[in-house]
Each structure stands twice: as structure tokens, then as C-alpha cells.
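Listed next as C-alpha cells is one chain, alone, in the form predicted on its own.
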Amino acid sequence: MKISIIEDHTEFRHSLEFIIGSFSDFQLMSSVGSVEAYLQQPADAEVLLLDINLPGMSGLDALPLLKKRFPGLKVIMLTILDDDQHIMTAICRGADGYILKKSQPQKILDAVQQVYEGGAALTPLVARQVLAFFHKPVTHSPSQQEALTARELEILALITNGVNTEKIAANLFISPQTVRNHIKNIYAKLQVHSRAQAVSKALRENIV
């Protein structure tokens, strides 16, 4: 099983390298500290352990790019972040698993095995938060969705699919600044303060 790592914390990255190298079933293909470094020398990995908080491009921003460039790659987010916004954004952008760094080494290896075999890997805490997220009662008022213009709904849908500002502008033939203005209006109407919050609310309340 071919595994790669993108983790900027040197000590933790070396720990992962040691754990993976301890099992004959696993082969470490590459281990780097940033997405940019990985893209410069991409290895033929089957499973990627990806941190979220990274120098340069974040793990969440990298997910759609990695999935597009390497269609068969399974990606497990390995992070300290356990809030539902990061979890749901990662899942919506194509993550195959979401594991907390405080997990026991064997749990991390089990997660790799699960996604390699086509399953999804979530720690119990993350799984509970995902279930709680979808079980939240819908408090969305129809007037709130109706307050979004057709263009704002279009942009919100693209945001939900992980498309960045520049690509939204290119797709819609408008300037990046116009996109940013629309996003500012979307935040105000949805009463959110970030893309992650906007994505979470859009999915939970079936706005797009």
C-alpha cells in the first residue's frame, strides 16, 4: 500500500514515517511539509495523509486540486481541528477520511486500510459530529434563501464545490473583485463569517 504524507510539523511527520515504515504492508512514497512541495515531486501514492494547517496552500484548499490531478488518490485529513466546520468542509471537498492527530497510531493505520479498501475513515468523535450536523433541525427561513439573488446562489453553489475566487470569476466571466463583493453579500445574508460556515449552512439548510 503506497502512502504519502503532507505534514509541516517535523516531529509528527517523522513519527508517521516511523509508524508506516514499521509495517511491511505499507510503502512510504513521499513525506513533505507543504502541498507545493508535494506537487513539485508527486509520488505514485494510493493514500495521502494530509494536514489542514500548512504553510502556503492549506489542506482544505488543496483537496479539490489533489482530487482532480490524482483521481485515484484517497485522502485522509490528519489534523488537530475537530470542529464541524472544518470536518464538513473537508468531507464536501472530497476527503475520504478525517482523523485526529491525537488518535492512537494503530487507529491511523486502520484508517489508511479502510480508505484503501474503499471505505470512509472517521474517528468516533468526528463521526458523532457528522451525525449531529445532519440531525440538526432545519431553522432556515425561506425568506433567507429568497434574499439571495440568482447570481449569489450560483456563486454559493460553486463555493460549496470548493471552487476558489479566481476560478469562480473565470467561470462566470466577471472580475474577482465582483466575486468577492457577492461573497460579502452572501455572508451578510446568511449571517456567517467564513466560507466554511457558508458551506455548512448551505448544505445543512438545503440552500443550494
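What we label the rigid core is the largest C-alpha set whose atoms superpose within 1.5 Å from one form to the other. Residue numbers run from 1 along the displayed sequence. Note that this is a predicted model, so its numbers are computed, not measured.
Beyond the structure shown, there is the form predicted together with the DNA, which is absent from this document and is the topic of what follows.
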> Hey, in the predicted complex, does residue 165 get a heavy atom within 4.5 angstroms of the DNA?
Replying inline: yes
>> Is it the case that residue 12, even though its partner is missing from this view, gets within 4.5 Å of the DNA in the predicted complex, heavy atoms only?
In response: no
>> Considering non-hydrogen atoms and a 4.5 Å limit, does the DNA approach residue 151 in the predicted complex?
In response: yes
> Taking heavy atoms only, is residue 175 within 4.5 angstroms of the DNA in the predicted complex?
Replying inline: yes
> Tell me which of 25-33, 167-175, 56-64, 43-51 has residues with heavy atoms within 4.5 angstroms of the DNA in the predicted complex?
Replying inline: 167-175
> On a core-based superposition, does residue 15 travel 2 Å or more at its Cα between the shown form and the other one?
Replying inline: no
> Is residue 48 one of the residues whose C-alpha moves 2 Å or more between the shown form and the other one after the core fit?
Replying inline: no
> residue 67: CA shift of at least 2 Å between the shown form and the other one after core fit?
Replying inline: no
